[in-house]
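Next up, structure tokens for two forms of one chain, structure 1 and then structure 2.
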Structure 1
Amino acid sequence: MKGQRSKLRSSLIAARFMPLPIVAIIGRPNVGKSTIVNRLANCQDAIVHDEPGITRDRTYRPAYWGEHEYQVVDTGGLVFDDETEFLPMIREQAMAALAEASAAIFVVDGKVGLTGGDEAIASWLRLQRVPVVLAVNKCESENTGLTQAADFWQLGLGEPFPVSGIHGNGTGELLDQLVTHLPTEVLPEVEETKVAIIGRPNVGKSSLLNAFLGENRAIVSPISGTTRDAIDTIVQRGDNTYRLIDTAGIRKKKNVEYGAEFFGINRAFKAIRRADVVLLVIDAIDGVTDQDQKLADRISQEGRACIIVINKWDAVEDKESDTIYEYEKEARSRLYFLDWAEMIFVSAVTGQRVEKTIELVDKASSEHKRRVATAVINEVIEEATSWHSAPVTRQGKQGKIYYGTQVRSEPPTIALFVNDPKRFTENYRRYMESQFRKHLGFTGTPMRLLWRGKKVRESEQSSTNRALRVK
């Protein structure tokens, strides 16, 4: 009982930092909860597949109806009389979702009709202190919808609303009832750092998420592929707010069949693109694999800030004083795509150095967004070219950098205006990047150098002159 109160308290604390009220979607497996989520959130983010148990963790999506904004949280299918693998953990996740919710939508299957499982869930919901709206899904025909819904009056949860998650029939009436239970005052939006947790299956991504939160937010199991969807969680540390995105393990493409895993991996790639910082989680026992290298390249190509997290360090046997340094040297040689990223050795199980990871996230995020004055950039260029002048071509023509300026952040991008980009070899371009990093930092984030030739400059100046003449 004490443990249940602690989990409830943790969920309520987490809810304080949610910018919008939460609506939990509850129901048996395969009644169409994720389809309802997609309909309410006006998206196709929740994985919909004709297989019970696709949704296991709780996942959040923003939604609105009229003037009301809220977050809808999808949960796994509830089964109370079965202790099969994952089902007890799915129940725990659904209960946690309900603990932080302002209201719940109980989804039942209008085609199947009332079942014993529905009655068991209804009995449990009547004991909770959360308003419940009853949605009878799969009522595609408006003519028969009321008849399909009629049986569900006996659940004792008020009016059953016939709806179609696929076509949208009846959702307006359902939402009109729902918003009467939502708070009128909404917490203000807060600036948050989006952190995606990425890696191969079973490297400890969900365990790392739970270690950050101090609660069982995501289902953790030794069976690979437990997390099917990208899962957002808000966590507060001091004055900073973080959106942690747990994702499905990413296997080699040839090993992935079309279906739930395929969609889950696509969500993981989307999570990389929408993140400010990516935590690339590596299994300390397995070391850096070919798949880890491909993920590192993907992170770099997407221009995301990154921390390399070596997890399960507690499981490495016979460690000596120099083991960590030798391991880091070997790992970095294989993860050369991310030579700018910081590396940390942690144990999600023991909590070793997990909090230190947040500090590195703050640093990487700050560097990812940082802008540098043009005068400072040109001082670095002058210093760098004085020590190592630009190369000379076989025809005796030398490259010249006129000036540079930062044109964007996230990632930091510097345009270098030169006489001819072709006169700068790849080695010299890497030299210039190393000089910018040496003098300006940008630790934890990729950076881009744009080499702009004289013709480009003349074209831009001509366009400016034409615009001035028009005025």
Structure 2
Amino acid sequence: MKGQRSKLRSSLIAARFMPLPIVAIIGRPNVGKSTIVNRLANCQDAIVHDEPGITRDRTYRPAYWGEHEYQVVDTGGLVFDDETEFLPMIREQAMAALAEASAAIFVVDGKVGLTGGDEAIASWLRLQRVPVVLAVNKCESENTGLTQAADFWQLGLGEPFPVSGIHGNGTGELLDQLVTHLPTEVLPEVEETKVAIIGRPNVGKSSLLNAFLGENRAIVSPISGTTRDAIDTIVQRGDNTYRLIDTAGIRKKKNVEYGAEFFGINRAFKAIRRADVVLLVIDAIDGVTDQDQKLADRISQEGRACIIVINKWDAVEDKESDTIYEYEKEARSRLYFLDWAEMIFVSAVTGQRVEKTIELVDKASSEHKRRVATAVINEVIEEATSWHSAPVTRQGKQGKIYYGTQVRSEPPTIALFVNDPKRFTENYRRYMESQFRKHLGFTGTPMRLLWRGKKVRESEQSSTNRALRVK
């Protein structure tokens, strides 16, 4: 059971990352493959695919260069039995990685020089239909690096790029070459907004679903969900298609007896993961509970768009002109994880503001997907840093933001390339985030900032200037 769950989990994560092209890192042991992977990958969020028959799990890590996003997969060392034959299991591992890769980086050791092992890998690689970029690692010195690298022309894999995984030099040129082999992003043709309706039992999830369907008589079909944890309903409204993920329906349909305490939080978590937009339904009479806070936290962590739906507003008695305002203030203080989400007061029973809720779904969904031009992002950075310059450490070192670019959407993610992330305090990071919010909007969706330390060397200075000049 547990194994099944973790398999589902990893395949769901994989599905989310699947559209990103894969770059396989190939080479003998000890040439510096892991060092290079660590340099290319954004952070520690490795995704491990567990597949039977493969000795070592392959580890996929998200990475990007300029506008290109990809995943790097380290294949483990390619070893030879007697300098002529691959160890079958490890070869299988590398083959599997290569089979799904858009490109490979073949790493060799510039200090050791060309070896028979490299030649064997190269002839094997030439038989694969994958473009290869050749990295001659451990070339710390710019001058001797080129000489060290020159030897590897013999491999017949094109230009050898001298790099140092440890110091980072040369990786810019290597990546410029690499990304020419990566496919550009392709968006799916049929856009379907996946909306999860979640909340505690009896808050009115099923009633809301029915109210939505009532507003939109052109129901396509109720279909059984892709998992046994929810029932999906496809709804067409104008030009938009929605997949409503209903976690409550299953409980009713199967007529299973659950205790009053039964909450089904795992089911809710799974629905959140599948959704683009989450409707977090709260019972107006009960107010925000601890369980609602757990769900809110998860929505934000998963990076999903969200609308806070306060249902049963009809049942709140003696409403006065400022009741909504007071209620919202109180609810928001308990849902601070979702300070970017819109809150709406509805009644599934009377239909009050149900139509408006659908409009909010459309708005949140498009903000979740929105991409902002690099020039605009850099204008915000310039404006923000001129009002409030980056902090100076006790040692007198000042943080500097070279430039920023949106590297991802769903949720919008902006990478800031800085001299040293450690120089940016939590306070300053929050300030930058609030500035992006203020100027870019993104209402209804979480957004992320990645602070990337990046030594800008002379060779890369030109591309940084290029990026800044886009303005």
Ligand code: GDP
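Just so we're on the same page, residue numbers count up from 1 along structure 1's sequence. Definition used throughout: the rigid core is the maximal C-alpha set that superposes within 1.5 Å between two forms. Worth saying up front: this structure is predicted, and the values here are computed from it rather than measured.
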### Query
Where's the form predicted together with the named molecule, in 1 or in 2?
2
### Task
Establish whether a shift of 2 Å or more occurs at the C-alpha of R200 between the two structures, with the two forms superposed on the rigid core.
no
### Query
Taking the rigid core as the reference frame, is the Cα of S365 displaced by 2 Å or more between the two structures?
no
### Query
On a core-based superposition, does S123 travel 2 Å or more at its Cα between the two structures?
yes
### Task
Taking the rigid core as fixed, quantify in angstrom how much the C-alpha of I25 shifts between the two structures.
47.5
